[in-house]
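Only one chain comes next, encoded as structure tokens, the form predicted on its own.
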Amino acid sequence: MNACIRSVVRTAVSRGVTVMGIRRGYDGLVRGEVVPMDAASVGGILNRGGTILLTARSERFRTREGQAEAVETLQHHGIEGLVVIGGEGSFHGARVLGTEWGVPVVGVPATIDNDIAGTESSIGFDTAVNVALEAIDKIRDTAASHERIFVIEVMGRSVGFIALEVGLAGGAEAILIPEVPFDIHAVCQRITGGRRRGKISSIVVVAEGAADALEIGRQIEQITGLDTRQTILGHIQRGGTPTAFDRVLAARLGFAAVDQLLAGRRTCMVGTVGNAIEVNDIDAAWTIEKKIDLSRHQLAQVLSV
């Protein structure tokens, strides 16, 4: 997100636009936590994970009273347009401000789950995948040394984008995602079949929304009789130095968001499709289901024999 903040601020400043930053998201907007920003204020943040503006949930903003306070903050500071960087929840808030309160707003997709339609990749997804992959590569060393099975849980409450990407890149013997029903006995057959062919260890990647990794590990050990361990990567996936891909994506989307605001667009989102910038109505983020490429799941199964 910092790379996107930097891009928004410096693009706006280059166009002669005054920029204000809102700390702690909608909660800060309701409370009036507004800070002036200039080109110098975003120096040295490109390689930092997270967001210098901080983030927080806001129950107050869910109410009409809270939304009125947020709009009053914008008016008090003379803010004429808003760039919202975040996931589906942030986009819902942006839609409310745009359609119900008349605030010009542009959404920039930033969520490691990568579940927002209208863009092939969200800011943070590639970094989360690489952080998880580094951990899995290290775990595989231990798995091979001890001839064990490791069940590794990655984030993804309702979608399996991270699990599929990480599992394919990490050579996982099985990838369990919400989009594909699985049979634990079939998973075990793949593992035992690999053992008969000379494999001494196996990695099973599980999206948190597909199954409980601890329970999957217990079942695998019970069915196969093989030594099995479980690891839940958790919030480690939300931090770390952003990848080059994410930094460039964030820079492009931040630039595009400012362009859209200055062009008079309202209540829209920017994304990339086929490496080109695409602009959609912000409702596309949840009215269109972003489907996973199941051919990648099939590819992973073929390559992990």
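Position 1 is the first residue in the sequence shown; the rest follow in order. Note that this is a predicted model, so its numbers are computed, not measured.
Beyond the structure shown, there is the form predicted in complex with a small molecule, which is absent from this document and is the topic of what follows.
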| property | result |
| --- | --- |
| Which of 117-125, 220-228, 104-112, 192-200 lines the interface with the small molecule in the predicted complex (heavy atom within 4.5 Å) | 104-112 |
| Within 4.5 Å of the small molecule in the predicted complex, all of Gly156, Glu208 and His235 (non-hydrogen atom) | yes |
| Heavy atom of Arg57 within 4.5 Å of the small molecule in the predicted complex | yes |
